[in-house]
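Given as structure tokens, the chain that follows is alone and in the form predicted alone.
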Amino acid sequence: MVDIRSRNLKVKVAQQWENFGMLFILVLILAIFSSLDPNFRTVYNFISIFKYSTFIAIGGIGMAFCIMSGDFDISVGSMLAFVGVLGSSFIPFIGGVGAVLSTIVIASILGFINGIFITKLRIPAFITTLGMLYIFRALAYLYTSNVPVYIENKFWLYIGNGKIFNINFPIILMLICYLGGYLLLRKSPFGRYIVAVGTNPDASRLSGINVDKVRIIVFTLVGFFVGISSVVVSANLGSANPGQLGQGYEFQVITAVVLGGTILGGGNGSLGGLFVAALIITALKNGLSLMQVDSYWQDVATGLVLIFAVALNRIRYTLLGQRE
């Protein structure tokens, strides 16, 4: 009887943490920095945190699909830089709308190439995306001769800085992306295929699922959302710098996905906690920046959050009596 009560208590704790744990951490971080620095608790700063978390959250949608399918992509930061400088350089020739669409299409193609290398050439995802991390960044340097591409096109800049009914457009764009991601993951057969492949690729193959096709589409979706994120962040900055754009982005995105509840082993995950996790990471970096903490220590904090996120997932699944 005692064992049953103990088991029920553990399950209840795990479920409550799954539902409200990320919100608790976010509120705690906001409260701590608000008490330490009055500049942190201004309405303007809170809006900025919300706005600047969108490019992590948008990129996290594709990464969540990727991790759920049992893979991951560490080339997204360099990909973001490469497509950013490439697409923005097209503005004088094809205009802002064409350049934005080109950026998203090129990023999707690069994600597709990653998927082909991984599935058809049987190169592990870690090796493929690690190599592409260097290749994309080098191509960005070579294409621009390490000179930033400054953006003056109104349409491109509007994506990162515009407003609709006094709501920042990046937030609206993020909500649209989340709606699409949710419908794809929870309301379509393809979403079930992603989870099935991540849970057991061999069983999925035997059940008739084209595992390679699913993985290729997933990596293409990673590129698609990275392309959108590249436009958003370069519009915020007003330029696409091949050396600075996307630096550390891959780890921020992976941290947000894992902190949001997606399991690194694949087969399980959610988009629900992803945005809250992106807010946590952005608020943490924002608070540390306002307190003039060295950027290297900010990277240390991000790394600790990633380790903490993995530990939390492990504890939660232990309480549920499940394997990750």
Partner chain sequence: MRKLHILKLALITILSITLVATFSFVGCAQAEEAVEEVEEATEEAVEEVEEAAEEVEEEVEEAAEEVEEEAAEEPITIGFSVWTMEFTFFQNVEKGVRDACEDLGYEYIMIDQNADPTKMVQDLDSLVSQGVDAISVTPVDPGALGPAVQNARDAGIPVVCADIGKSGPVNALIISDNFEGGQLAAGYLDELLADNPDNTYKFGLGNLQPQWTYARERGEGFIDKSEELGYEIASEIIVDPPSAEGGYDTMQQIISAAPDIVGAFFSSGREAVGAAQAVEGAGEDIYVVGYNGDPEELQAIEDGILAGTILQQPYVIGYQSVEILKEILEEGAEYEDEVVPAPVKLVTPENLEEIAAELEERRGQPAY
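Positions refer to the first chain, counted from 1. This is a predicted model, so every value here is computed, not measured. Each form is matched to the other, and the largest set of C-alpha atoms that superpose within 1.5 Å is called the rigid core.
One more form of this protein should be noted, the form predicted in complex with its partner chain, which is absent from this view; the next part is about it.
Asks: Within 4.5 Å of its partner chain in the predicted complex - does that hold for a heavy atom of every one of Ser102, Ser188 and Ser270?
Replies: No, none of the three is in contact.
Asks: Even though its partner chain is not shown here, does Val218 get within 4.5 Å of it in the predicted complex, heavy atoms only?
Replies: Taking the distances in the predicted complex, the answer for Val218 is no, it never comes within 4.5 Å of its partner chain.
Asks: Please check if Ser34 has a heavy atom lying within 4.5 Å of any heavy atom of its partner chain in the predicted complex.
Replies: No, Ser34 sits far enough from its partner chain in the predicted complex that none of its heavy atoms falls within 4.5 Å.
Asks: With the cut-off set at 4.5 Å between non-hydrogen atoms, does Gly98 touch its partner chain in the predicted complex?
Replies: Heavy-atom contact with its partner chain at 4.5 Å: absent for Gly98.
Asks: Although the partner isn't part of this model, could you tell me whether Leu237 comes within 4.5 Å of its partner chain in the predicted complex, counting any heavy atom of the residue?
Replies: Within the cut-off, so yes.
Asks: Which of 25-33, 62-70, 261-269, 287-295 has heavy atoms within 4.5 Å of its partner chain in the predicted complex?
Replies: Selected stretch: 287-295.
Asks: Does any residue in 22-59 get within 4.5 Å of its partner chain in the predicted complex, counting heavy atoms only, and if so which ones?
Replies: Result: Asn39, Tyr44, Asn45, Ser48, Lys51, Tyr52, Phe55.
Asks: For Ile263, state whether the C-alpha moves by 2 Å or more between the shown form and the other one after rigid core superposition.
Replies: Superposed on the core, Ile263 moves its C-alpha less than 2 Å between the shown form and the other one.
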